[in-house]
Structures are given as structure tokens and as C-alpha cells.
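Only one chain is given next, in C-alpha cells, and it is the form predicted on its own.
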Amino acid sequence: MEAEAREAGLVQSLNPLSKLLVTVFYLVILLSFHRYDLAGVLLMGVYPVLLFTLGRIPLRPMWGRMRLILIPVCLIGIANPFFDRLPVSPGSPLTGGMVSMVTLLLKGLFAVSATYLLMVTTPMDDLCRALRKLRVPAILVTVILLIYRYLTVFLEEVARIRTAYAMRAPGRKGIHFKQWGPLAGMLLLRSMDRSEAVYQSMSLRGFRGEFPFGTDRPFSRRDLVYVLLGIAVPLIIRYL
């Protein structure tokens, strides 16, 4: 995703601050729709569809990368038809629970899509720089960047522990629940040792609490037009 975000493209070349502002505003407006306002939520799908098209971003990889989030999202409103059985209109087979279930499903799908589009078109360094321009505390932005950078290191450590367990317990499928506690403690201790080594390396290289996040890009007229459209269109859909 980081490599894709650095590719040349119409959406990728926009200022990270403009993309962050539009995404946050879009999410706020999207979540403000009433649970029965299915038509309005459907119209809000124009934004992700348009960006997927303009950015030439393939849709299929999103399902694989975001499936751990999309599955719970799809289950959020699944119980609504059982609790809200009043028909939306006299004689209609559709109930309020059915409409609210579809509305919640689309809200979750569009919200995940908008967040994914921001991640796949904006490098993390540039995104962190945009957060700092919005006066987000430096310590919070630094923590976000370090989690992003060292998540792969953490997963590699998990893989080593799992491999070591498999070698000591051949033929066993998975990790026995009695070993979850000791292995979690071992992972915590290793993570603390690794984080201390990383911090010492950063301090020796002049780290004083904040990174020089990304490269500063000028805010052009195209970015201004993008922000104005990204604010005006959701407002028109929401209130007109």
C-alpha cells in the first residue's frame, strides 16, 4: 500500500492535507444520516466510486486487505430485522429493520472504502505531516508513525515465537490455551527489549521527540477546488 501511495496519479498527487480534510468531513457527514435514510446514504457512495475511478485504484485488493474490518461491519445491523418489524409503509413487505440494516451496511462499507482510499493514495509520512498541520499533538502523531513502521517487526516476532512453539510441540494444531499466557508474556518482554533498542538508536541519530514528517507540498488551486467540492457535495446530499 505504501508503494501504491507513492505512484503517480491524479488522486495521489493531491496535497495530503486536502485529502485528509475531505475524508474526515465525508465520514462525519456519512455517519450523520438517519438509519432509515437509505437514498441519502446511497448517494454518498459517489465519493468512493469516483476516487477509485480517478485514481485508477483496483477494487479487488481492498477486500483482501480490509476483510478483518469488513466482516464485523457486515454483521453490525444483521439483527435489526428481528427487532424492528414495523413496515415502512402500509402494505409494504419492507420493514424498518430491513432498511436500517442495509443503511448500516452501506455506511460501514463506504466509511471503510474512504479510509482505504486515503491510505492507498497518501504515504504515511505525508499523512502524519498533514496531522501536524492540523495541530494534532506531536507525541500522538509520532506514536502512530512508529506503530505503522514497526508493526511488521512485531509480526515477525510473533512468527518466531509461533515457529519455536511448533518445533517444541510437533503434530499439535495451533497453540494450546495453557500456553497463551506464557507466550504473551514472552512477546511482551521481547517487545519491550526491542523498543528500548530502537529508542536508543533513534536518540543516537538525534531524535528529540518529533520526526520531520514527509515532504511539504504546496497547497495548489486544484487542492482548493478538491476541498471545496469535497465539502459542498456531501452537504448538498445531506441537507437538500
Partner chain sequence: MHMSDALVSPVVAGILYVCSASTAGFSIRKLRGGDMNRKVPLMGVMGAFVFAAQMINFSIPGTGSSGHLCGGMLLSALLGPYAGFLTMTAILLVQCLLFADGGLMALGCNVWNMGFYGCFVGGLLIWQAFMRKGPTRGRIIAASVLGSVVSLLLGAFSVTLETLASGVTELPFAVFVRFMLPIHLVIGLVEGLITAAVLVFVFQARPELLQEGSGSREAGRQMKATTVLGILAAVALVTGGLLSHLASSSPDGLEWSVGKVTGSTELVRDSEAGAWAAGVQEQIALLPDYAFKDSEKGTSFSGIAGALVVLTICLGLGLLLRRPARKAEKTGFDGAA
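Only a predicted model underlies this, so the values are computations on that prediction, with no experimental measurement involved. Heads up, when I say rigid core I mean the largest set of C-alphas that superpose within 1.5 Å between the two forms. Positions refer to the first chain, counted from 1.
Omitted from view is the form predicted together with its partner chain, to which the following refers.
Its partner chain is not drawn, but in the predicted bound form it has a heavy atom within 4.5 Å of Met192. In the predicted bound form, Thr23 approaches its partner chain with a heavy atom inside 4.5 Å. Although the partner is absent here, Leu204 is not a contact residue: none of its heavy atoms lies within 4.5 angstroms of its partner chain in the predicted bound form.
Among residues of the shown chain, Arg60 is not one whose heavy atoms approach its partner chain to within 4.5 Å in the predicted bound form. Residues Leu104, Lys107, Gly108, Ala111, Val112, Thr115, Leu118, Met119 are the members of 102-120 with a non-hydrogen atom no more than 4.5 angstroms from its partner chain in the predicted bound form. Relative to the superposed rigid core, Leu183 undergoes a CA displacement of at least 2 Å between this form and the one not shown. Fitting the two forms on the rigid core leaves the C-alpha of Val112 displaced by under 2 angstroms between this form and the one not shown. In the core-superposed comparison between this form and the one not shown, the C-alpha atom of Arg56 has shifted by less than 2 angstroms.
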